[in-house]
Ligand code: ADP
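Take a look at this single chain, the form predicted on its own, given in structure tokens.
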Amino acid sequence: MKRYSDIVGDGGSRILEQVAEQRARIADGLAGVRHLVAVGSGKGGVGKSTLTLHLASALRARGLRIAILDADFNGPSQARMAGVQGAVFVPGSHKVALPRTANGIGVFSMGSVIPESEALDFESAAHGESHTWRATREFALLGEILGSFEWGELDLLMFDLPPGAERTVQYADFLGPFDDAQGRPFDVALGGPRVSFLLVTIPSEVARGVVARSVAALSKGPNRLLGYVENMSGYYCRDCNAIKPLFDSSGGADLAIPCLGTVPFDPELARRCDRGISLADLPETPVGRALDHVAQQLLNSLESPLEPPR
């Protein structure tokens, strides 16, 4: 019987060759994307998905070409919020065309494929052992999506990540670098980073503590952290046109990365997200102005010179 220590390379399974082929397909599919931005947190319930869509809308209002990949396969929410639930995937010029919002943002979400009453399921060859390979299957699925859809010419492709500090690090490892058709690393081919991270927190010591763990975990590798956004920093009262307190923002862990802005909670925007209604009049509110500020800070951070690898 062979032991693990007896296996040389991939043990004749061609797995390394298959992985290389998949990563080349991904690099080819993303060749027209200027920036990859992963929006994560580590903490659930901080409004990360909502902020991703709102920020994408603010960037789109500036004329940028934007797409969102909802990487939370088990809890997808972008399809409902973007109004693409039940969207039919149709062939594009070369690959599968992306569903689009009313304002032209391309969106892939498992919420367009699987009804909200159902869960994504991966069959396991060994009963009760699906946990041993579920993450592998999820990242294989992510690779198929990246390589099979027409992302086209984009200024930003935004990844809406699932919660969990360890999941954020797994996505950092997966998302680069890729090799392009000429065998060059994807980050070199684009003249920029493989992926940049934007983290989201709320004015809560518990939330900031979890996000601080995500910062620490990402900082152990060659990952670029653009900064963080403090979401739900008060709520916007439309009756009195004022921002009122929502949390006791007395402090919390030092996140040690730049704050790109604070965004209040707006119940009207939450209602629109639930119904998949356009956010076209977003700039007319204090929340819209806050998001526009974050959008500008994000663009400034992306265009700033890259720090040397650690």
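Computed from a predicted model, the values in this text were never measured in an experiment. Position 1 is the first residue in the sequence shown; the rest follow in order.
Beyond the structure shown, there is the form predicted together with this ligand, which is absent from this document and is the topic of what follows.
Check: 104-112, 146-154, 75-83, 89-97: which one contacts this ligand in the predicted complex at 4.5 Å, heavy atom to heavy atom?
Finding: That would be stretch 75-83.
Checklist line | Partner-contacting position among G32, G44, G276, P283 - heavy atom within 4.5 Å of this ligand in the predicted complex | finding: Only one option qualifies, and that one is G44.
Checklist line | Contact residue in the predicted complex, from T168, N223, S204, N231 (heavy atom within 4.5 Å of this ligand) | finding: Of the candidates T168, N223, S204, N231, N231 is the one lying within 4.5 Å of this ligand in the predicted complex.
Next item on the list: Using a 4.5 Å heavy atom cut-off, state whether I66 contacts this ligand in the predicted complex.
Entry: Result no; I66 lies far from this ligand in the predicted complex.
Next item on the list: Mark A61 yes when one of its heavy atoms lies within 4.5 Å of a heavy atom of this ligand in the predicted complex, and no otherwise.
Entry: No, A61 is distant from the partner.
Next item on the list: Would you check, heavy atoms only and a 4.5 Å threshold, whether A270 touches this ligand in the predicted complex?
Entry: Contact with this ligand, yes.
Next item on the list: Using the partner position in the predicted complex, report whether L55 sits within 4.5 Å of this ligand, counting heavy atoms only.
Entry: Close contact is absent here: in the predicted complex, L55 is far from this ligand, nothing within 4.5 Å, heavy atoms only.
Check: Looking at this ligand in the predicted complex, which residues in 48-69 have at least one heavy atom within 4.5 Å of it?
Finding: Heavy-atom contacts within 4.5 Å come from K48, S49, T50.
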